[in-house]
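A single chain comes next, written as structure tokens; it is the form predicted alone.
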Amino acid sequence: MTTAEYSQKLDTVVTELKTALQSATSSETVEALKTEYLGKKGSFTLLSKQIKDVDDKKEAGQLLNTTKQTLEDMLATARTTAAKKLAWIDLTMPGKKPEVGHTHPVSQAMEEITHIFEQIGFTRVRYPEVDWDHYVFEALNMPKSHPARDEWETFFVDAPVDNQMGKMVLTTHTSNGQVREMERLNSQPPIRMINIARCYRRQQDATHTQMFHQFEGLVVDKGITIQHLKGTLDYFAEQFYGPGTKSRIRPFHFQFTEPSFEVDFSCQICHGTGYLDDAETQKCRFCKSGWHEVGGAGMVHPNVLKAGGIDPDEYTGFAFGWGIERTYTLKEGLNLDDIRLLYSGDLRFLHQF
């Protein structure tokens, strides 16, 4: 046998083992192949005994040693790979937990606000987000062609006009629920309502979105005064923003409340001082004054009570409401300068909550 013929037979053994190892998925299979090729009756062992028939035994011996080393290296590599595969599919190992989402930050705020007001007897309700002009404007002391309607930047729905209820609109505020709640209770106070819903206005910038959420509080009973309103606002401020937070009301005008107020909460960062240091040299950049404006409130206008079938000479009430996004972004530590981020769908942002 020539050296070339012997070398070809050795190469064939290497090729066959290489092919066999490609389908080896366990350490047991690798060990079986080791026996098949390098065992006492293995392919390589039987071939090594044929060296006596080769004309150049010295060169054949070198080829034999090189081939054996190659076979052993291939088996060692396959053994390591099989061990890794075995570890990967080990059923005793804990599985990878699937990625789980969480409640959107706006929904988290809704749940928290609902819980806060439920503790003092408010009932959570929800009214239409596409409603009649009657409930959105006219029943709230804003008759047709009243200039106050221009402030709301309303979306009107392309739908037939009702002779009594007027046009269909996308609700500009949750106040449409006030008269609806009076009607639901057959105009029989007491009423303690918290209404959370979407609102729509034709505004879009860093502090406004065309769709946003509001919560609306309404209390109607005998002897309700501004002191009850102020106490409720202080209670909410402390519960939502933390102990020590105060509310402030400033005279304003809303068509459906009289008197009307703008509502401010004390800043949580500077604790209402307007400064970040005791020496009052570094102004709070977040609030600049110690207060944050959040929304509106006031005593329910007599005409609104009448629209709900309630006698304003016997009952009084207060109402308040503002945007959930605005309320949430004022929480300490958030300092969001663009509420549109809440609706961006950017997981890098949402994962932080």
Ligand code: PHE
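All residue numbers refer to positions in the sequence shown, first residue = 1. Given the structure is predicted, the values throughout are model-derived calculations rather than measurements.
What follows is about the form predicted together with phenylalanine (PHE), which we do not show.
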note = As a check of understanding, the residue in 324, 305, 30, 319 with any heavy atom within 4.5 Å of phenylalanine (PHE) in the predicted complex should be identified as 319
inquiry  = Looking at 265, 256, 137, 236 here, can you tell me which has any non-hydrogen atom within 4.5 angstroms of phenylalanine (PHE) in the predicted complex?
reply    = 256
inquiry  = Does phenylalanine (PHE), in the predicted complex, lie within 4.5 angstroms of each residue among 175, 201 and 296, using heavy atoms as the measure?
reply    = yes
ask   = Going by a heavy atom distance of 4.5 Å, is residue 247 a contact of phenylalanine (PHE) in the predicted complex?
value = no
query = Applying a 4.5 Å heavy atom distance criterion, does residue 214 contact phenylalanine (PHE) in the predicted complex?
reply = yes
query = For the chain seen here without its partner, which of 61-69, 39-47, 296-304, 309-317 has a heavy atom within 4.5 Å of phenylalanine (PHE) in the predicted complex?
reply = 296-304
